[in-house]
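Shown here is one chain on its own, the form predicted alone, set out as structure tokens.
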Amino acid sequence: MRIESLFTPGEITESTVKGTTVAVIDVLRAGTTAAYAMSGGCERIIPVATVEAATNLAASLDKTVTLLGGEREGKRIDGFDLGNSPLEYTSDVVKKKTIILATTNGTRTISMGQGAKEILIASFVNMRTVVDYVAGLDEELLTVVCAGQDDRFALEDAVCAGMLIARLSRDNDVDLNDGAQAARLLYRQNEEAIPSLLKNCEHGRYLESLGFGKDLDVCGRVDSLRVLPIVKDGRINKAKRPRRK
């Protein structure tokens, strides 16, 4: 398998994702939140790129089973039911619900990868499940896309990408592009310090300043959830099981 890593969504082109398997990483916080929502039993998540798209879609759906979630500048959007904190997406809130999710970086990145065969949502919390799934694929190429922060490099996403690549490299013959090699090196330099990395990276410090310090603890709980959010036909559902070669 060849693994290519892109550090920002601005590197996405039609040729880099079309017909391939893509793993999107947004550690702080959309990827982690999606995993928590799926673990809490939500029916599906509909990722959208803009607030307008979210509110327009919500108007066409059954309000009794639909929740609006998302953020701008890290804060819950006015009029939305939920923000982008994984701690909000508990079973008693999201079970059997459809969640329309609009975030600054994560859902926008997902929308840019819609030409892919399938899009996996990866984060530290569900890394083991992502690795198991990818290892069972009969694919020649995996593209790992970091959502970044406002189209800029985000250290936490790059390190998470490196964890995925390092684990896949253990038992599989892989060919890495320069981005994937760099991500793996970053992970190896930080693998014993994920919690402190999240507290000290730029976006982590910003979230801390907004009062979301507990989110950083949650987002750093490696392998804490056995769930894989997977995007097909513009909807995020829970993958049932890894596909085997």
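This structure is a prediction, so every number in the text was calculated from the model and none was measured. In this text, residue numbers run from 1 along the sequence as written.
The same protein also has a form predicted together with a small molecule, omitted here; what follows describes it.
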Contact at A30, E71 and L207 by the small molecule in the predicted bound form, all three, heavy atom at most 4.5 Å = yes
Using a 4.5 Å heavy atom cut-off, state whether N84 contacts the small molecule in the predicted bound form.
-> yes
Is there a heavy atom of T104 lying 4.5 Å or less from a heavy atom of the small molecule in the predicted bound form?
-> yes
Is there any non-hydrogen atom of H203 lying within 4.5 Å of the small molecule in the predicted bound form?
-> yes
Location of the small molecule contact in the predicted bound form, chosen stretch of 112-120, 96-104, 136-144, 170-178 [non-hydrogen atom, 4.5 Å] | 96-104
